[in-house]
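Okay, here we've got a single chain as structure tokens, the form predicted on its own, with questions on binding and movement later.
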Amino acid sequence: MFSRRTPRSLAPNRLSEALARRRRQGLPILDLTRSNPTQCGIELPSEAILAALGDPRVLSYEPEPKGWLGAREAVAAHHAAQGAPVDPDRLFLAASTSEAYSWTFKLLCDPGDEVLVPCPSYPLFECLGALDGVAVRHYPLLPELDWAIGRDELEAQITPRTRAILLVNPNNPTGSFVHHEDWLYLTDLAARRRLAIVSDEVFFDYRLDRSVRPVSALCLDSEALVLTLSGLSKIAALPQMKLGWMHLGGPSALVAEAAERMEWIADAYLPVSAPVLFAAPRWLSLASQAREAVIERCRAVQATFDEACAGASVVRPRRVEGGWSLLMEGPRSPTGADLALQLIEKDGVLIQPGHYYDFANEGFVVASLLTPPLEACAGATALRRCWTNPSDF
């Protein structure tokens, strides 16, 4: 009686079962996967965040499909301050980036149509696609080329039902920004094949490698339709406030038609609450404080892992250009899945195996750079010991 848009089985995997068992037993857990900035000991301007919720205008309901203009202007000002000026009239506000994806799929796809997504990447697109009746096909990011796009493989995935190419910039969990050469290739390919580009840039403000000069889709000249997604969850470290947005870019005629259709979709939902809309300008003005605190934490934890793994030839933290994740590479035996299971069962250390992100290499695991530094040190030490001396486990 249930929709096939939901999974056939909701049974937990082995790692989830081991974690639940440890919790039932009351045993300690050292969690290296926490990515919620409100629960990682990062200092945020709490009083100012709360004060922004007291706007008396919330007592009146004045729905706008695109979202309140004042909030859209604040979003545009934020991006302009980062070097990417945008038109508030091309912005649409949603309750989250996930909802913005759903609207994007509704705009571009009929049931059974396809979108191309990067591999590896965060394991959300299959779920969001399934909920909208959209099929997901993967194209590879190549580790030997610093996670550049595998162009031949991408083009081989395009079918008559392909509607869009999705990007995550920077990628989660590789921490790699989209290469400038790949941008030029993608905009040309998308225009020629009548595809849209969807660029998820929720982590774009978190550049950890100072030598990198990333390129935002907001700054692109493109003959293809480009939808750029972001939100408060990462930009202001406020996942609980539920505000995402999308920007429409590309040729003016194409953008005009897309905007008209997107406004029709948004008008059917009107999802963003008035308190969040009226508080958004103040929260965005505080975003730089949150960003600086998060970047400081990420760099400190990255240094902690680098130091803890120094000299261990079998353990290699990969270079991180941006975002909140740290990718580590070790031996393929034990696999990342077996390693994660051993760590939680023996040491109470929780880490994400690479197969969660569809890595072809079995030797990858992923940790959160928001982990408190002392916990990161203990976790990195346990990880090194497990990888270096697997017989001890």
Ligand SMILES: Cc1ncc(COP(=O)(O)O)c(C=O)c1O
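Every value quoted in this text rests on a predicted model; they were computed, and no experiment measured them. The numbering used is simple: start at 1 and walk along the sequence shown.
A second form of this protein, the form predicted in complex with this ligand, is not displayed here; the remarks below concern that form.
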message: Can you pick out, from Y139, F203, W147, F92, the residue that has a heavy atom within 4.5 Å of this ligand in the predicted bound form?
response: F203
task: Name the single residue among Q82, T187, S98, S285 that comes within 4.5 Å of this ligand in the predicted bound form, judging by heavy atoms.
output: S98
- prompt: Out of 297-305, 272-280, 254-262, 229-237, where are the residues with a heavy atom within 4.5 Å of this ligand in the predicted bound form?
  reply: 229-237
task: Indicate whether this ligand has at least one heavy atom within 4.5 Å of a heavy atom of V198 in the predicted bound form.
output: no
- request: Decide whether V134 counts as a contact residue for this ligand in the predicted bound form under a heavy atom distance cut-off of 4.5 Å.
  value: no
message: N172 versus this ligand, in the predicted bound form: is there a non-hydrogen atom within 4.5 Å?
response: yes
M246, heavy atom within 4.5 angstroms of this ligand in the predicted bound form: no
field: Those residues of 120-134 which, in the predicted bound form, come within 4.5 Å of this ligand by heavy atom
entry: Y122
